[in-house]
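Okay, so here's just one chain, in structure tokens, the form predicted alone.
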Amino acid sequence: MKKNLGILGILLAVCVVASIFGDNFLTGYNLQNLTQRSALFGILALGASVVIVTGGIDLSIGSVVCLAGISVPWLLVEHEWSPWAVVPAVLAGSALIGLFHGLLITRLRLQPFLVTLCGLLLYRGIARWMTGDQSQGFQGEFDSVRALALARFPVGLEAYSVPATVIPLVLLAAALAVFLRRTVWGRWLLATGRNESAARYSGIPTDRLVTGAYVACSLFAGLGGMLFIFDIGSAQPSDFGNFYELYAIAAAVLGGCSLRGGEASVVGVLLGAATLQVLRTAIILLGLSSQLEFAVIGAVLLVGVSADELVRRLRERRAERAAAP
């Protein structure tokens, strides 16, 4: 709760600064776009948090977003697949990518950093090869499919409507929160992140949980990729999804997920994703160089890791004092 209040305070502070010095920050159009991007990146951040809970990391999120997103118009337009076949096929393919990662990590005992770094290169290369490195789009068709991301729900405010992408975000966040806090498997997942060896010796199926975490992460990334391409309409495989994994990881870390594993806050992750998007928008509205965006992400990661380490040391000192006679 303290971490959530802290990130909420940061979010509100950035909003206040942006509203004071940015003329268009509080306009309905800007807030609507901000909600849309926060929801899309929030889905990716939720997937990243599931992997981080286990003490792992997934650097391939952006490339999975690219491959899944590019595949949708490529299959619909170029190969004339039915939308009823494309959506489940892309989601299934994304889940298989996560399964591939999980098996390499749990069966071959490869490091998650190495496995997903190779995936980062592999999936983007596949996307560029299968499309001939050409931009893919819907060519003005399939509006009913794109409505999954483009629909808006008026709430009575001028020029502001709630984007439809908020719906899958809320559903996924609620499901993940219930899973982590109200189910045995969720508690086992947290225990695996805290101490995998101890969890394994306690009879917890750690390999299945770790594999399932990578499947969930890639599945969330695949869903996010589809929603992103539905939103923007067309994309170039060479740059679509670039650095999205950094946004997802930074949002998870900023939201209270420990890179050592075993800790997660769904509400914190959502606040972290929103904070990063508000910071990004504030940089643009304040007339600062857009290149500062990556500096901000780097600073957020550094602050999050440093704070996590300081909290760990403080807990250890308190435990030592409590144990001392």
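If you're wondering where the values come from, they're calculated on a predicted model, not measured in any experiment. When you see a residue number, it is the position in the sequence shown, counting from 1. We call the rigid core the largest set of C-alpha positions that still match within 1.5 Å between the two forms.
There is another form of the same protein, the form predicted together with another copy of the chain; it is not shown, and what comes next is about it.
| field | Partner contact for Cys257 in the model of the complex: another copy of the chain, 4.5 angstroms, heavy atom | value | So Cys257 counts as contacting another copy of the chain.
| said: Please tell me whether any heavy atom belonging to Val267 falls inside 4.5 Å of a heavy atom of another copy of the chain, as the geometry stands in the model of the complex. | reply: Residue-level check for Val267: no, no contact with another copy of the chain.
| Contact label in the model of the complex: Ile57 to another copy of the chain, heavy atom within 4.5 Å | Ile57: yes, in contact with another copy of the chain in the model of the complex.
| message | Arg315 versus another copy of the chain, in the model of the complex: is there a non-hydrogen atom within 4.5 Å? | response | Arg315: no contact with another copy of the chain in the model of the complex.
| So which of 85-93, 163-171, 128-136, 216-224 is the stretch with heavy atoms within 4.5 Å of another copy of the chain in the model of the complex? | Only one stretch passes the 4.5 Å heavy-atom test: 128-136.
| task | Taking another copy of the chain as it sits in the model of the complex, which residues of 108-132 have a non-hydrogen atom within 4.5 Å of it? Please list them. | result | Leu108, Arg109, Leu110, Gln111, Phe113, Leu114, Val115, Leu117, Cys118, Leu120, Leu121, Leu122, Arg124, Gly125, Ile126, Arg128, Trp129, Gly132, in sequence order.
| task | Would you say whether Leu314 is displaced between this form and the one not shown, judging by a C-alpha shift of 2 Å or more on the superposed rigid core? | result | It does shift by 2 Å or more.
| query | Taking the shown form as reference, are the C-alpha positions of Leu11 and Leu314 brought closer or pushed farther apart in the model of the complex, with a change of 3 Å or more? | reply | Closer together, by at least 3 Å.
| request: Say whether the C-alpha atoms of Gly261 and Leu302 sit closer together or farther apart in the model of the complex than in the form shown here, given that their separation changes by 3 Å or more. | output: Distance between the C-alphas of Gly261 and Leu302: longer in the model of the complex, by 3 Å or more.
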